[in-house]
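The chain below stands alone and is given in structure tokens; this is the form predicted on its own.
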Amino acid sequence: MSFQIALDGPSGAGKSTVAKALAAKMGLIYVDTGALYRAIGLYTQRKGVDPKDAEGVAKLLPEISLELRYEADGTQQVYLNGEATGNKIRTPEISMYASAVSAIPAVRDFLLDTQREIAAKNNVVMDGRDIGTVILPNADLKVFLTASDECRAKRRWLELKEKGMETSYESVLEDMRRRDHNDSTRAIAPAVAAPDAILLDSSDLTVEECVAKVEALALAKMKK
């Protein structure tokens, strides 16, 4: 039996950072589901297809091969048709593409089996927006990580600056609020907390404090 941790929440709440650190600390496999959607968004953008064109995006799926690999330094890399995507999938533009294509049922179906298969075979921490509600509805632990809009936007802005991507804080905040609205109101698998998820506000917490809180919750579940 595998142990599954579902870590959901809006963009900039710290999901990926916390999930990666938690996986390293507890010896779990980290599955970055958002990166998979971003890779599909990148391919859609390269093909010149409107990411809201469900039929057009669905036609691209047979051309797409995705693979999660772990590099020598332990970092996870998404390969799109054999190409390491790196920071190409982390730009604000691709974030919006990822948000749009993730609302398309065919895209979600395309990735669902892949994600569940990984979780069934390994002890995992999986982060995204509908892990606890759709992908792993029977996860052993569900946490919905959030933070204030301003806090999340500042984190994402600083992250982009560190990667050499120049943009304004105001535009990041605007993009984030637009993406939040799109993700939480979409008809298919909206980004909302599962009824049995534990809410954790990271606004005033360090990464280490967040990791410690989720780890304590996980260890308590493992003892039951």
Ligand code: DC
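Predicted model, so just to flag it, every value in this text is computed and none were measured. When you see a residue number, it is the position in the sequence shown, counting from 1.
Omitted here: the form predicted together with the named molecule. The next part is about that form.
Enquirer: For the interface check, one of 45-53, 195-203, 32-40, 60-68 should have non-hydrogen atoms within 4.5 Å of the named molecule in the predicted complex; which one?
Expert: Careful reading of the contacts points to 32-40.
Enquirer: Please state whether all three residues Q4, K142 and K213 have a non-hydrogen atom within 4.5 angstroms of the named molecule in the predicted complex.
Expert: So, no: the whole triplet misses the named molecule.
Enquirer: Contact between S99 and the named molecule in the predicted complex at 4.5 Å, heavy atoms?
Expert: S99 belongs to the contact set for the named molecule.
Enquirer: Can you tell me whether R177 touches the named molecule? I mean in the predicted complex, with a 4.5 angstroms heavy atom cut-off.
Expert: Output for R177 is no: heavy atoms all beyond 4.5 Å of the named molecule.
Enquirer: Quick check on R108: any heavy atom within 4.5 Å of the named molecule in the predicted complex?
Expert: Result yes; R108 sits at the interface with the named molecule in the predicted complex.
Enquirer: Hey, in the predicted complex, does R90 get a heavy atom within 4.5 angstroms of the named molecule?
Expert: R90: yes, in contact with the named molecule in the predicted complex.
Enquirer: Give, in sequence order, every residue of 156-178 that has a heavy atom within 4.5 Å of the named molecule in the predicted complex, or say none if there are no such residues.
Expert: Heavy-atom contacts within 4.5 Å come from R156 alone.
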